[in-house]
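The form predicted on its own is given below as one chain in structure tokens.
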């Protein structure tokens, strides 16, 4: 249940998304659970390759082949003529009419790289208008007026002129704003933003984040913010999920997790952030090693080869369960907090 006893907009339960390949099985997402409430922002963080983007694509049913959702539930709740309708996305065909009605209209996605997300042979306006008319019963003229209004809302100057331009004629920041405009074209209830500030300069990053915050206040939409930038999560998110090798390492309210991290991986990530209080040219602490190869997952806890608190005979033998910490809103997957006697394979 979400806050105040209300049902969350989205409930993800034990999601497992696998990619069978000739070399072996890639467990990109291996048992992730979380809720997203209306008007709230959930941050999903972790190193590259931990499965963050795959979670977002699983929610929309746009996993690239041969990937598939192997297990779990993705429950989407929407109001249909006053009645609350629950839809398990994992039970729907990706190209079904129901899923097409959900994508863009109910749940929208801001892709990681807008340059490759826009068609280079169609104008920004044409692509916006196509998305609008796909979900809304508007004339071409009305769709064009809405497209101009959307570009204006996301802060693109001269929107009436910009709709006739192509993506390669826009700067990185303007392309990202245009992508956000397309995502918001049908007033979605949930916006999934996959690395929305990657490759942007610091000033443009701040503008994009301010834009997302303002639009959320105007529309009351929920946001899933997928990023490796902990500073972005600290500024934007209400709750955070820290992922490692397809699994949850830690989750909880963002202030609790950032000020009192409980998992060694979360602690390592936070220690690696530059501080204005650092003296001279101190070398930043880093997490030892790299993420294991997906075909060579360690036994027991997957983080153990890099963990400074590794316990031989425990972490390499047993698989920790993801459990709440007593007396806290945080949950963690670590034997430091859940002794192996309480956790079985």
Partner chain sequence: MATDAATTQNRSAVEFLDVRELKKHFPIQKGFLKRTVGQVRAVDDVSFSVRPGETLGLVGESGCGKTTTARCILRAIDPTSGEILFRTKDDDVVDISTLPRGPLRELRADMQMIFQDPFGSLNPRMTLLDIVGEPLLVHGMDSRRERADRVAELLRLVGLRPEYMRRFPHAFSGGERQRIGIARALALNPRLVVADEPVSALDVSVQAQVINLLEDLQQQLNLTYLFVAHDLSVVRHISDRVAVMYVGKIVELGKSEDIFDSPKHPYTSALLSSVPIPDPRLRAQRIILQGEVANPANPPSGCYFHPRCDYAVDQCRTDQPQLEEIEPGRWVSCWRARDLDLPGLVATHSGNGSS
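Given the structure is predicted, the values throughout are model-derived calculations rather than measurements. Residue numbers count along the first chain shown, from 1.
Just so you know, the form predicted in complex with its partner chain exists too; it's not on screen, but the next bit is about it.
Within 4.5 Å of any heavy atom of its partner chain in the model of the complex lies no heavy atom of residue 146. In the model of the complex, its partner chain lies within 4.5 Å of some heavy atom of residue 205. The closest non-hydrogen atom of residue 119 lies beyond 4.5 Å of its partner chain in the model of the complex. Taking the partner from the other structure, its partner chain in the model of the complex has a heavy atom within 4.5 Å of a heavy atom of residue 201. The partner is absent here; in the model of the complex, the one residue of 71, 187, 165, 255 having a heavy atom within 4.5 Å of its partner chain is 255. Site annotation in the model of the complex: the residue of 63, 287, 38, 319 reaching within 4.5 Å of its partner chain with a heavy atom is 287. Checking 225 to 233, 98 to 106, 79 to 87, 127 to 135 against its partner chain in the model of the complex, the stretch whose residues place heavy atoms within 4.5 Å of it is 225 to 233.
Contacts between stretch 303 to 318 and its partner chain, counted in the model of the complex as any heavy atom lying within 4.5 Å, involve 306 alone.
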